[in-house]
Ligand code: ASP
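Read the single chain below, which is given as C-alpha cells and is the form predicted on its own.
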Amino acid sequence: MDVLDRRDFLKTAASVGAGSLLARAVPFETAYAGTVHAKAGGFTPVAVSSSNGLHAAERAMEMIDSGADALDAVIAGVNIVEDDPQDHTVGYGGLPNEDGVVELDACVMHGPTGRGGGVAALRNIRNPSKVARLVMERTDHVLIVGEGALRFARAHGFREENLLTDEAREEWLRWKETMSTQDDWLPPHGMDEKDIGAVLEKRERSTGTITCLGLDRKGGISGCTTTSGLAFKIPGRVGDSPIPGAGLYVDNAVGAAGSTGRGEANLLACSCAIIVEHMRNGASPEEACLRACRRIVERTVERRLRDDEGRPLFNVRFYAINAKGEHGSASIWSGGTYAVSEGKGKTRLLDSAYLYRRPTK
C-alpha cells in the first residue's frame, strides 16, 4: 500500500471535510477574535488557560518567569482550580457521576521529552494532574484508570478523601429530583400542586474542565488538562481530557492544544492532535482551533445532536499556543473567553473566536 506524506494526507482530509460540509449545507458564521502575535525574531514565554483558569495562567507564568519548566508551571496552575471547591467541574467539589461519586480525569504532556501520562475515573484523590505526572515519570504506561489508578496513587502516598462537597451534593440531588417524571425522586413542592411533572425540567449538565498550556524561557512547551467530567455521567465514563491527542496534545517543535466542552465529540475527532498538525502546516493557533471546530461540525451527523439548522446542540472550545508564543482559542458557539498571561501584570481574559453566534433568547 502506498504511504501518503503528511501534506498530501492533510490536503485529502481537507477536501473530504469540505465536501461533507457542502453536502450538509450548514454555513459557518466564523468570527475571528484576533490571535495575539509573538515578538519578532524569537519567542515569547506564555501561559494560556480556559476561562476558569485566570489564576492558573497567572500562577503558571509566575513560575515560568522564575525559570521553572513549563510542566511544573502548568500543573501548579491547575492545582489551584483542582483545590477550589467552588469550581464544580474540576477536582475537589466537582460534580459527581449518577451515583453521587466524584470521578476525575487528567492528562499531562511534556514537550521537551515527548512524554505524557494520564489517569481516568480516579476516585478519592483531589489532584489527578499530579498522579498523571507520576504515570508519565514512574511507569512505562501512558494511561491508568479506575481502581488501578487509585491503587497507584495510594502507592505514591496520595491521601484519600471524600471529594463530594455539600454544595456539589445539593446539585446532584437537584438533578436526581428533576431528571424524570417517571421515578420517585421529587424536588421541593407544595402540597396543593396538581401536576408536579409540569415543573420538572431536565437540567443542562456541566461539561466544564480546565486546560493550561505553557511555553517556558528555554522554549519548552507543556500542557495539562484536568476535569471531573460530564456531570452525573454513567460511572466509569471517560471523556477526552485524559487522552493524549484528544483533550491535550503537545509537540515541542510546533506547539500545544487543549480542549473543554463535549468530550465525546473531541474523542471522535482527535481534535487536539489535529490542531497541532494544522499549526505545523502554517495555521495560526486561532485558525487551527477554528478548523478543529469545523471538523466536529462536519462529523456531527446524528439528528439528536443537531438543531433544526443542522448545527451542533453542544459546544466545544479549544486553546492553542505555538512555539513562537502566539496563542488563540475558538469554539463552535460564541460567548467564550480564555485566559492568557505573559508576565506580571499581563494576565487577562480574551475573547475566543467562534463559528456560530449563539441565538439571543
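Keep in mind it's a predicted model, so treat the numbers as computed, not measured. Residue indices: 1-based, along the sequence shown.
Omitted from view is the form predicted in complex with the ligand, to which the following refers.
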Does every residue of 331, 335 and 352 put a non-hydrogen atom within 4.5 angstroms of the ligand in the predicted bound form? no
Would residue 128 sit within 4.5 Å of the ligand in the predicted bound form, counting heavy atoms only? no
Can you check whether residue 208 is within 4.5 Å of the ligand in the predicted bound form, heavy atom basis? yes
Is there a non-hydrogen atom of residue 227 within 4.5 angstroms of a non-hydrogen atom of the ligand in the predicted bound form? yes
Distance check, residue 82 to the ligand in the predicted bound form, heavy atom within 4.5 Å: no
Within 4.5 Å of the ligand in the predicted bound form, counting heavy atoms only, one of 131-139, 145-153, 232-240, 274-282 shows up; tell me which. 232-240
Of the residues 111, 93, 263, 117, which one places a heavy atom within 4.5 Å of the ligand in the predicted bound form? 263
